[in-house]
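First, one chain by itself: the form predicted alone, in C-alpha cells.
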Amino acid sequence: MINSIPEMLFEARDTAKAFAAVQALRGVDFQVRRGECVGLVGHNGAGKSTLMNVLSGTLAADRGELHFAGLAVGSGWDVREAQRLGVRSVYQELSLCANLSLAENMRIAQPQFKGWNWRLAAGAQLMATLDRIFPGHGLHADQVVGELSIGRRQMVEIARAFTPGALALEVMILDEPTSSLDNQAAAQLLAYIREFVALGKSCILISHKLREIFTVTDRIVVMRDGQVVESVLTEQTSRDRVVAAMGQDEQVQENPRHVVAQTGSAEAPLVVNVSSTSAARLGVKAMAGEVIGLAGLAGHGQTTLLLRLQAGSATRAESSVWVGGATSFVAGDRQTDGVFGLWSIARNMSVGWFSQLCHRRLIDLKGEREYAEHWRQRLGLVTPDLDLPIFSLSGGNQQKVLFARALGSSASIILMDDPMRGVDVGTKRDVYALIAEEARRGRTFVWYTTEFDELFHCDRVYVFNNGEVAGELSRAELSEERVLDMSFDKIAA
C-alpha cells in the first residue's frame, strides 16, 4: 500500500542564526517533502533568505539540526555537500559573472564540461534548459551577461540552476525568482515549477507576489521576526489569512485606484517630453503631478527610456528628450545601479540629499542623521543601527533605502526602474501611498514595472514593443489583455 503522505526530504530543526545584534532566525522548524512546492512568505527582514542560505550551505547556523532524506547531515554541511545531495539555489541577488558569456557562466556551475569544445557543450545544455523553461527567450550562448537586461540575466540564472549536470537535482530553492521577469516569463517559470514538482522533485519558493504563491505552491509557510508563525496547505488558507499572519492586518488592495493627478489640467505643465524617431509612432509625455507607467515585455526599451530621461536631465544634450526639472532614480537592479557596498545604510540614503545637507561646503552630519532616521521610520526600515553596512540588510530593506534616497531628495521627477523587486506587500502599500501623496503635491513619476497590478497606480501607461511605444492607455482603458496585445503585435510602420 502506498503511503498517502509524501516522504520528508529536507528538514531544519530549531535553527538559529544571528548577525551581531540582529537575531535573524529564532529556533526555526521547517520541512519540505518530496514532490512538494512550499511557498515561503514574510515581510522584509523576517528571516526567509537567511533560512534558505542555511539550507543551501552558504551560511552555518549557530544552533539547530539539518536532516536530508531522513539522515542528519552534521557539521560538514556546506555548499559542496548540499549540491552533492541535490540542493540547488537561485538567490535574490544574481551571481552571474558579467564579463563572461552565457556558456562560460554555465561552465562555472557545471565544471564537468571539458575538452576543446566545452563552450559548445556548455552553451547547448544551457540553451536546452532555456528552451524548456522560457520558450522564445531569444538568448544565445555566446552573449555576454553584462550586455543583458536584468530580466534576461534572471532567466539565465534560473536556467543554469535547473540545467541537469553531473550532480543530482532534488530540491530547488528560488528566492524571488520572478522579481525582474515580465508577466509572460513569470508565467512560463511558474508552469515549469509545477512540471518539476510533478516529477517528484521539491521546490521552495520565496516570493512577495502572493498571487504566484497561491498559483503554484502546495503549502505556505509564513515567517515573522525570525520565526515560523504558520504552516498551512495552500488550498486551506486565503490571502487575507496569510497577510494577517505576516503581521499586516490591513488588506492590501489588488487593483488600487488612487486619484493621483488631474491630467490635462492647464495648471499642470509639461515636464517630460520624449519625441519619437518616427512621426508615425508615439513619444512619451508627462505632466507635473502625473504618474506615468511603462509596460510591455522586459527589455523592450523601458529602462533605456528612463536612462535617456536621466541623461537628459543632467546634460540637456539629446534633442529628442526634454526634461523640465531635476531627476532622481530608483534602480531595480540595486547591486549594479543602486547601493554603494562599502557605505553605511545612512550614507547610502543621504548620498541623494547632499545638496540639501551642505552648508558652506560642509555636510550637516546632525541633519543627515535626523533625516535618515525620519526615512527609516517612514519606510519601516528593519535595522538596529543606521551605521551598519548596507549589506547587513535584506534585499527588500536595501530597496527601501533606494526609495528613501530618491523620495527624500529635492528632485521634482522620480524615475523608477521596476523598483519593487523583493519588496514585501506591506512596504509596497506604504510606497504606493507615498507616490500618490507626492504626486498630489506636483511631483512627477515615470515608472517601469513588470507587475501588472502596479499599473493601476498610474494615470497613463505607455506600452513598449521592440524599443518603441506601441500604444498609450488611460487608467480607465487599462486591462491585461490590451497590454499583452500591444506588447506582441507588430508596430505599424
Partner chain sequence: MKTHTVSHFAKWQRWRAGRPWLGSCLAAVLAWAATVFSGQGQGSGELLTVALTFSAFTVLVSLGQMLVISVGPGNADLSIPSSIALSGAVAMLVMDGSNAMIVPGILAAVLVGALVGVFNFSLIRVLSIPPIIATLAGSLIVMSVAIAIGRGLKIKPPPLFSDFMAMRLFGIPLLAVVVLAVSIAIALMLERTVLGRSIEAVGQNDRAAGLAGMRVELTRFWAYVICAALAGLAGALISGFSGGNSLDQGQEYILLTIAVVVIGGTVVSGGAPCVPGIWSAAMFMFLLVAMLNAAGAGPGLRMLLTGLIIIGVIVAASSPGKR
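Everything quoted here is computed from the prediction, not taken from an experiment. Numbering follows the first chain given and starts at 1.
Keep in mind that the form predicted in complex with its partner chain is missing from the display, and what follows is about it.
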* With the partner left out of view, is Glu368 within 4.5 angstroms of its partner chain in the model of the complex by any non-hydrogen atom? -> yes
* Indicate whether Gly86 is a 4.5 Å heavy atom neighbour of its partner chain in the model of the complex. => no
* Decide whether Glu230 counts as a contact residue for its partner chain in the model of the complex under a heavy atom distance cut-off of 4.5 Å. => no
* Flag Val339 as yes or no: does it have a non-hydrogen atom within 4.5 angstroms of any non-hydrogen atom of its partner chain in the model of the complex? => yes
* Could you spot which one of Pro384, Gly74, Pro135, Pro164 gets a heavy atom to within 4.5 Å of its partner chain in the model of the complex? => Pro384
* Sort through Phe354, Trp322, Tyr192, Phe214 and report the residue having a heavy atom within 4.5 Å of its partner chain in the model of the complex. => Phe354
* **Stretch in contact in the model of the complex with its partner chain, which is absent here, among 236-244, 346-354, 102-110, 193-201 (heavy atoms within 4.5 Å)** => 346-354
* Triplet Leu307, Leu362 and Arg405 all within 4.5 Å of its partner chain in the model of the complex via a heavy atom -> yes
* To do: Enumerate the residues of 388-416 that have a non-hydrogen atom within 4.5 Å of its partner chain in the model of the complex, in sequence order, or give none.
  => Leu388, Pro389, Arg405
